[in-house]
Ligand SMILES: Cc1cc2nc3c(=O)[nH]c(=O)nc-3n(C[C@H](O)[C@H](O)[C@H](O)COP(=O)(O)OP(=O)(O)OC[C@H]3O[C@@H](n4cnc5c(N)ncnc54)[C@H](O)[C@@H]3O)c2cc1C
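Given next, in structure tokens, is a single chain: the form predicted alone.
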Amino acid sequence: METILFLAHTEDDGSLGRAAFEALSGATDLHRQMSTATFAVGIIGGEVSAAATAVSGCGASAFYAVAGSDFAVSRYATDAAALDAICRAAGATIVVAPATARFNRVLPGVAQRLGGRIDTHVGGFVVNGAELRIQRGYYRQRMIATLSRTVRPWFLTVDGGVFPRWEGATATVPIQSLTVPVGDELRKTKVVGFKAPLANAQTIRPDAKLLFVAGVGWTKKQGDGQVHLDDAATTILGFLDKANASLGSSKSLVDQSSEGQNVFSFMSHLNQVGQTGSTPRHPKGLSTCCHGEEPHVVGWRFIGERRAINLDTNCGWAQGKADVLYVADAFELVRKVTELL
């Protein structure tokens, strides 16, 4: 009989992040499909009581925790020791965890310690009888493979945006606190703090609720016959700052940089969305100054609600590719929306 273990780590304030709740939704869905399996939860962090309470109603029969100042920060040695202890205590055969930077770094090592295997970027679970199969995207999510393994424990990390956020009532559950000895050999790495880029320098935000995509129209001549690159840059960055949105781009816009033309300094091919770019997962998307050609829209297939701004009533977005099309000047509309935010 399989034992499903959901793993999570706390954030700085002791809560769980969005990725953890989404991965928990996937774990509960897997437990529903594997009705004979047992279900457990394991949490690591400095203080885990609030996090454990938040997920207490998920239906797990056991809750394990490793808490303390040594586990409050992301450090491979202590994280690996804590997760190893939880997996052994739970007798886990299937481990589901969010694909956070912290877990992406440590879980492959934990799988190696336990003689298991790990698969990342899991996009779904399918149970055929007693056999678990996972779905995983390849080639920028354009090919979906179905995989199964017989080796246990099987570690599975779930990307954000694959499952909806888990919502449920709290319950009173016993939490088994595990003691993990931490000697100096596990504290060789000192965590001294975080250093993050400025908000206006970080334009790719996977956790943002909105994807804002700029097209090449921002660099074209406007109604007065002039190009307004500086105005376009200020308008785009102002909206990103107020809406806390993630920035995407059409291929034609980022290609201008490689062709030596003067384009936006805050944008690179990493922002590119579409057939030759990324396929991000955000609840909503807003396209501006882009005609919505099919290669570009390929990158929108995981966006929940699509809206677009374009002056052309016959653009690709109007051909059923957007839920709402605003026929308007993007400069004026985005500035107005920014004022209202």
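Sequential numbering from 1, following the sequence displayed. Because the structure is predicted, anything quoted here is derived from the model rather than measured.
Below, we refer to the form predicted together with the ligand, which is not included among the displayed structures.
Visitor: Hey, of 156-164, 75-83, 239-247, 210-218, which bit sits against the ligand in the predicted bound form at 4.5 Å between non-hydrogen atoms?
Guide: So the stretch in question is 210-218.
Visitor: Exactly one residue in A40, V66, V55, V273 has a non-hydrogen atom within 4.5 Å of the ligand in the predicted bound form; which is it?
Guide: So the residue touching the ligand in the predicted bound form, by this definition, is V273.
Visitor: Would you say all of S252, G277 and A330 touch the ligand in the predicted bound form, counting a heavy atom within 4.5 Å as a touch?
Guide: Each of the three qualifies.
Visitor: Quick one: is G292 in contact with the ligand in the predicted bound form, heavy atoms, 4.5 Å cut-off?
Guide: Residue-level check for G292: yes, a contact with the ligand.
Visitor: Taking the ligand as it sits in the predicted bound form, is A51 in contact with it (heavy atom to heavy atom, 4.5 Å or less)?
Guide: A51: no contact with the ligand in the predicted bound form.
Visitor: Is it the case that E47, even though its partner is missing from this view, gets within 4.5 Å of the ligand in the predicted bound form, heavy atoms only?
Guide: Contact check for E47: no, nothing within 4.5 Å of the ligand in the predicted bound form.
Visitor: Heavy atoms within 4.5 Å of the ligand in the predicted bound form: does D312 have any?
Guide: Within the cut-off, so yes.
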